[in-house]
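Next comes just one chain, in structure tokens: the form predicted alone.
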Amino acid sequence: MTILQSLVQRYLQYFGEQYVLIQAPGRINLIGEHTDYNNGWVLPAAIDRYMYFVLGKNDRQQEMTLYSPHFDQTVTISLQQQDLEKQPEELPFWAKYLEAVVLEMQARGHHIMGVHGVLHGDIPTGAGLSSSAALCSGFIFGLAYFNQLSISRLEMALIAQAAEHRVGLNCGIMDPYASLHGKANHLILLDCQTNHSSYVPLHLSEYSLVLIDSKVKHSLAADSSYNERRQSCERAVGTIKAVHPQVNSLRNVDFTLLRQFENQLDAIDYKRAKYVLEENQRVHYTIAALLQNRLATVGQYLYQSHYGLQHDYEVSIPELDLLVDLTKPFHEVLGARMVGGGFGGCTINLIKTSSKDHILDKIIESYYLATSIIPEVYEFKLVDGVHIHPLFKV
């Protein structure tokens, strides 16, 4: 029985009514890490790992009931404002995202009627593949569908971003935007200042992109380290803005201007701001290399990105550094870097397809000998954004 069949069966068992099945993909980010909340550029894509929602209307207008087979938990979320804001701590952590979505949609003037459903996913949690963004994006899409709300995908992404802020993660827009706007076989070049995007076709010829999961889990919303990086960038902007009022984010800063403030900025804030400027530059260099089929150059930008995240932005961990270092002896690996917010999760690797299995076996073996952890490999396809599964529709 597939995960979809199992979820539908659970839904019919608990609720026994008509339903819609919604798929919300996770995402990879080829390059452009920690640049989104600095109004920079990113290059993500939606991948074929999903959060699935089997949803239907209920007859209780003031609440929704949702069941998670993974946690074997059923939650009831009130749709009355006073109840939503009274005791949010009673909900398990996964359901706080859904409650935050409801609060944010109501704050924006959207009237929501009751639904019920079952949700589950095959996006590894804590792997840097944006399971929380997929959770929020898919739920927003479902609520909009059942409540006949005219909400653009951009507004859905902004709602999802704001919901994560409510939970405690001051993230940028990249993750929900990628989940909602994915296009099969394409990367998304997203300008996080204007929220305009364009698609970049991905043709890797005889190479493949592969994820290796360190199996070190992170929870960015529960850890202040991610938010501290954002605050570091904001402090740098604040110092520069005091002299140059037109500067509102690191997007408005170039290398010449940043160097003028090196002695006025805290050393850590300076190197983090410098990383952001370099990473924005790498996004554009990577696109040019992809369009010219210079994959070896793309690989070098991946390595450069990782070393910036490791030494300047300081969001990597020894296990991720080890996975990247283990690729270096193989000329069939063009590049690798950590992907996601950091402090755990996966590396993304550009590997020659014909040598892939042999190289991955060697990396897994060496990583296990060094850490006693068996990493997991995820192969993936680039897919369309959040959508209703065509075989499971009312």
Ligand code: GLA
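Numbers follow the displayed sequence, beginning with 1. Only a predicted model underlies this, so the values are computations on that prediction, with no experimental measurement involved.
Omitted from view is the form predicted together with this ligand, to which the following refers.
At a distance threshold of 4.5 angstroms between non-hydrogen atoms, residue 295 is out of contact with this ligand in the model of the complex. Shown alone here, residue 174 lies within 4.5 Å of this ligand in the model of the complex, counting heavy atoms only. With a 4.5 Å cutoff on heavy atoms, residue 207 does not count as touching this ligand in the model of the complex; it lies far away.
In the model of the complex, this ligand stays beyond 4.5 Å of every heavy atom belonging to residue 367.
Proximity to this ligand in the model of the complex, taken as a non-hydrogen atom within 4.5 angstroms, holds for one residue of 98, 123, 287, 169, which is 169. Interface residue among 335, 26, 40, 341, judged by heavy atoms within 4.5 Å of this ligand in the model of the complex: 341. Between 322-330, 29-37, 47-55, 64-72, the stretch whose residues reach within 4.5 angstroms of this ligand in the model of the complex through a non-hydrogen atom is 29-37.
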